[in-house]
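The chain below stands alone, shown as structure tokens; this is the form predicted on its own.
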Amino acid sequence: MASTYQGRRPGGGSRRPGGKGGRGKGGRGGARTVALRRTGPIVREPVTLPSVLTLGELAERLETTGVEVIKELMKLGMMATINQQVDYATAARVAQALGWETNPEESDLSGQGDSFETRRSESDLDPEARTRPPVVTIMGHVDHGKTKLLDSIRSANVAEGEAGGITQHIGAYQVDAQGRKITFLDTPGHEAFTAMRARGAQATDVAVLVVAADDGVMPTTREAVAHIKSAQVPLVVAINKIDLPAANPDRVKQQLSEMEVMPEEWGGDVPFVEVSALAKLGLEDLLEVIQLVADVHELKANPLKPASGVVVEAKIDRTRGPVATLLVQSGTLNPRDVVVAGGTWGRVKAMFDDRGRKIRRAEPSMPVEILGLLEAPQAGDQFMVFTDEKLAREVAERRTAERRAESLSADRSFKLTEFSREVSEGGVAELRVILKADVSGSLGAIQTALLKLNEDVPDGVQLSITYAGTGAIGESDVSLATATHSIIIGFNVRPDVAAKRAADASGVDIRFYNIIYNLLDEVRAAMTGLLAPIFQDVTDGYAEVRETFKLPGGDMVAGLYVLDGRISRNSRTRVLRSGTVVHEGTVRSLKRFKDDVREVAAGYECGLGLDGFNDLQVGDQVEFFHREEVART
């Protein structure tokens, strides 16, 4: 099998017989001859590619090896075997990464982009592709009945004799509805949904948004809608709890229509289904609608190829070792297959379905739990089957090294300064913004003003708002920004500790403002290529107020617990109450016990007094920061 991956050498040279480096038995100049041939720049003619070709054929046309092609494909967040077919758009991106220009064949009609429609172009063009079950993710507010709905659907589709098997939890399961299968991903919410997308995995075919008929649309519901729209996934709305006296489905439809989620009966394109997870009403209608949506989008995959797909979840079991739940997206997975999942690999020792039964094959859209990987991969990692164990090990090791290098590299995510530089250099770009504000009045005004900037900027530069909401900047906002390459703008709000750590780890650009004009001026400058930042805030640490004390002179001091980083007497401070900035100023006193100290590290308690602010409350968070000058770009 190894010979399959030997294409011609880069630059068109071939390996001379006789040993390493192309030397014969007595020849010493073989390697020198190759070097002399490459003294001048290589001039390459553009390579013509068909609408569909295998990776092996692509490697041959690009005069490289299959391993190099697979490596570049993995950098794009895709995993495939050497015999797997790819469309022209994918092949062109790989060729460009390897230094080749491409032209499509005259008959090529391939599209561009990463929408839901183009994600299935490869399966549409594959003559051996067959209809597969849809993969469904259920999202919504925490108290609106997502888990109960999943349990009700599952228990209604399990035979009486297997009822005890439904306690098996592998993060995904299949149900039979009128003789056809539907796969449900049991994710904790839209954070997991978007975190998988941020890792390059697009596992969902249909998203079901659960909204309680008595509560209506909540802030979490709005977040879920933003995540679904950014993924360009077909949406079905399930209005739950219709059996309650306070149920008002029409109010839910009205609220969602204001968010551009228009019901079909009102002339829109989103199916709405009224259900009750508790009373098990409308479940069959919901499953039928999901199947209709799947039929419209003609979901297909080739079950005859080596398997590939995505890791749903993974763990280390004390008795069984690394256990991974895989969702097969293409091909068929069998025992003894060699699997690469993210940065780990292994041979499949055993496979189990969602009810814990041992199985011999897993076809497209089927969730399966496997044993045999050397380590537990991460949720969202893509997996693929290799026929060559040596190659599988090499790909896994290379993947691990690339991830390590990526984690050490700075500025991996989108920055406002980078956008401004791209615009100034004549690039065509879109600025995606996640907007968070303290109150809805400010939010609406800023949203309107930002969109009006599109009228005043150069052609080809566009601003779009990925999501807008009130309240503190949370981890959910950071994960959405990572997946959609957006920046986050906070108006009178700050991130919590978890969101700050996530933003630092992923390199998400978060900008803070308390004056609308400053916000608009800076975004306008970025969109016209004239952004010149002078200072930026650098967070030193976070602390939480655990107790407050009144001093005899009327001043207030607070007992703090340092949550993260180090807090310093020389730092500036912001007092955050439910994520909203209520004060910004300087430190009056910082003490440990009765002694004045210069700084306090995370995990320790201390006393704090602030200049000109005596309204500290238990539960407030205090952010300590300093300002650094940034060179103009």
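On a predicted model such as this, the values are computed, not experimentally measured, just so you know. Residue positions are given as counts along the sequence shown, with the first one as 1.
Absent from the display: the form predicted in complex with a small molecule. The rest refers to it.
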query: Partner contact for residue 97 in the predicted complex: the small molecule, 4.5 angstroms, heavy atom; finding: no
query: The small molecule contact in the predicted complex: residue 399, any heavy atom under 4.5 Å; finding: no
query: is_contact(residue 244, the small molecule) in the predicted complex, heavy atom dist at most 4.5 Å; finding: yes
query: The small molecule contact in the predicted complex: residue 146, any heavy atom under 4.5 Å; finding: yes
query: The small molecule in the predicted complex: contacting segment from 495 to 503, 138 to 146, 555 to 563, 311 to 319, heavy atom within 4.5 Å; finding: 138 to 146
query: Residue (of 183, 276, 470, 90) lying close to the small molecule in the predicted complex, criterion heavy atoms within 4.5 Å; finding: 276
